[in-house]
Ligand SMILES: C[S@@+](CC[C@H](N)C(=O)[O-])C[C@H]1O[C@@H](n2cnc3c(N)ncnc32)[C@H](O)[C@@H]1O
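Take a look at this one chain, the form predicted on its own, written out in structure tokens.
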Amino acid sequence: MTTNMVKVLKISKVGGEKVRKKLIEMDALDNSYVLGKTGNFLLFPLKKSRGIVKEFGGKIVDRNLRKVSKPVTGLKEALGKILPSSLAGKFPRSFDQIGDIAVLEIPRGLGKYEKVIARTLGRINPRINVVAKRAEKYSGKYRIRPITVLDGENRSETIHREAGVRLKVDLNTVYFSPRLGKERLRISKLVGKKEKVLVMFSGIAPYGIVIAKKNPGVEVWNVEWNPHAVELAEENIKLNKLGKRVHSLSGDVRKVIPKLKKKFDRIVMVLPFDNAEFLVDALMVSKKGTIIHMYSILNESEVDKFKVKLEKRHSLKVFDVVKAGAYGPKMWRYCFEMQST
């Protein structure tokens, strides 16, 4: 058992929990040491002592305290050691890691602890240099949920790595989900050796780049209307040395697609909502047998009716429906695997 002499706030047990909470908010509590007790007093290990007595009363003294011996690996476990136990049911259990940026959803009721949560996450994960939270709602012309940095370097850009590719991302100007990494890899494994692939609503081109990287004989066209995403897509194509086989086209798909004057072997429609409205456009550049992967977020109870509607309205056959990630209670991101007839 390791002990060290540290500065502590010696204060009455009466009202001790309120003092602990306030020390956490001030980022003054050193949680690498176990809380001490002596008689009717608590001993709070301190990171800093200036102004503490004036704020709380009590005394600053030197005491031998035991170091926390068990390494903390999970965010929930780490927060359980420093935040009130009454809040345990609200602790965030997971986060998105995009490059070296961790993006949290801060549950309601934990707003005043958000910086403590951010510092804790940064401390237990050395690969993270920025901890941020997302805006609660999508906003702007391009439907982005911008981030607010809570801890670490004040930036929204990073390089994300997945499936052997590098992707430059700016979380304040584009949409990007690391949770779709497995889905992008799954699609890439379905692609034939010399296919021509179209990716609609392609963002920073993660689908197109992963597909091309995993299939050296394939050519990919990406269509995106957010100019910030188009600029990053072009950088990412160069970053992965795919400029000869991956193309980036800027504009509304309904205006760009008629100008392509080619037919594709495979089409990926990335929008999570309202994708079906653009099936007519996708079929304009399809040939008999073209495979279309179309994403839609639906309740489980809606899938069968949606499948029937697609086949009734369009010249295609739905041959599979794949769950591509949970969205909410009984809500999933589904990939409808279809073939034009």
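All residue numbers refer to positions in the sequence shown, first residue = 1. This one's a predicted model, so the numbers in the text were calculated from it and none came from an experiment.
Same protein, other form: the form predicted together with this ligand, not shown, and the subject of what follows.
- Stretch-level contact analysis of 52-60, 38-46, 305-313, 269-277 against this ligand in the predicted bound form, using heavy atoms and a 4.5 Å limit, identifies 269-277.
- The three residues Glu25, Pro92 and Tyr113 each lack any heavy atom within 4.5 Å of this ligand in the predicted bound form.
- This chain is drawn without this ligand; in the predicted bound form, the residue among Ser248, Asn226, Ser188, Thr158 with a heavy atom within 4.5 Å of it is Asn226.
- A heavy atom within 4.5 Å of this ligand in the predicted bound form is found for one listed residue only; from Val253, Ala132, Leu121, Ile98, this is Val253.
- Proximity of Phe201 to this ligand in the predicted bound form falls within the 4.5 Å heavy atom cutoff.
- Although the partner is absent here, Trp221 lies well away from this ligand in the predicted bound form, with no heavy atom inside 4.5 Å.
- Heavy atoms of Phe176 reach within 4.5 Å of this ligand in the predicted bound form, making it an interface residue.
- With a 4.5 Å cutoff on heavy atoms, Leu180 counts as touching this ligand in the predicted bound form.
- Contacts between 181-196 and this ligand, taken as any heavy atom within 4.5 Å in the predicted bound form, involve only Arg184.
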